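One chain follows as structure tokens, the form predicted on its own.
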């Protein structure tokens, strides 16, 4: 009888422990799922004053930024953010994709073992170091050489400088993920393609890349989100002039730089504080839209594959 009670007690203890573990894991899952909603609601509430006093269309599409006069046009900052992000991805995307293909398909194994710590070091360098490097190297190079080569007179503090620095910053982030995606493609698929007479490049093009398309889309979606919100390094080299840029050799003023430059000293002005929170809300919404678009593209690609 005692043995039966002991067994029952052990069974009850295991059941309670299982329920407890399942409960706190579910609580953590719910918290993670609620975090974006909590962040969005918080930013919306902090932006309420500005949204209440101004038309949403005027805030987004107006070019006038005169906070002390009550004019809050975010169009120059949104366009600058898009310029810097798009240019950075155009620079970093091909470099990361071709490097990942070479490291996983052509290079010797020891090359990948050497490159992994190099990529980790690049990813771990503080963003302010990239910013200082941009000021010392990229800005003078654009001002003295690249600008005059294209017939442009510029100080070097431009959209292009921000894009180059940002591209170098996101390369290790994108490259690391792409390497893991390509390494997880089954070797049997490539071997079957080669056995049928396909060349190495044909195998990469029609097997590796096709199989990895959802992962590649997801990686570049994450890269865009990461690039769009980068602050310090871009702030140091992009010029921070509130105009609508019409080219890579124009200065810009991305949304993260606007927040970083003004948040703190302008907290005493309620309308200015609300405007900076609205800038953060725009960033938040853009990143969510990018991620949802990437997710929809991944689902569509999976169906076609």
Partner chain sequence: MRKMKYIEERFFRVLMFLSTCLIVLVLFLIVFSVLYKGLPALSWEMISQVPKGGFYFGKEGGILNAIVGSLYLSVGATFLAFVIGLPVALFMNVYLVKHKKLLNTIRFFLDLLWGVPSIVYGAFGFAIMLFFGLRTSLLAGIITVSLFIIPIIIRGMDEVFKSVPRGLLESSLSLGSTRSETSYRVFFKQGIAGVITALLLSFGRAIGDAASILFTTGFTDHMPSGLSQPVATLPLSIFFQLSSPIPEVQDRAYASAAVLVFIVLIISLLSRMFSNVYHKNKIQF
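Positions refer to the first chain, counted from 1. In this text, all values refer to a predicted model and were calculated from it rather than measured experimentally.
Below, we turn to the form predicted together with its partner chain, even though it does not appear here.
Taken together, 24, 103 and 175 are fully in contact with its partner chain in the model of the complex: each brings a heavy atom within 4.5 Å.
Taking the partner from the other structure, its partner chain in the model of the complex has a heavy atom within 4.5 Å of a heavy atom of residue 118. Proximity of residue 60 to its partner chain in the model of the complex: non-hydrogen atoms within 4.5 Å are absent; the residue sits far from the partner.
Of the heavy atoms in residue 133, some are within 4.5 Å of its partner chain in the model of the complex. Within 4.5 Å of some heavy atom of its partner chain in the model of the complex lies at least one heavy atom of residue 226. Heavy atoms within 4.5 Å of its partner chain in the model of the complex are found in exactly one of 243-251, 273-281, 62-70, 48-56, that being 273-281.
When you look in the model of the complex, the only residue of 216, 139, 235, 89 with a non-hydrogen atom within 4.5 Å of its partner chain is 235. If you take 111-128 and check each residue for a heavy atom within 4.5 Å of its partner chain in the model of the complex, you get 115, 116, 117, 118, 120, 121, 122, 123, 124, 125, 126, 127, 128, in sequence order. In the model of the complex, the Cα atoms of residue 29 and residue 220 sit 3 Å or more farther from each other than they do here.
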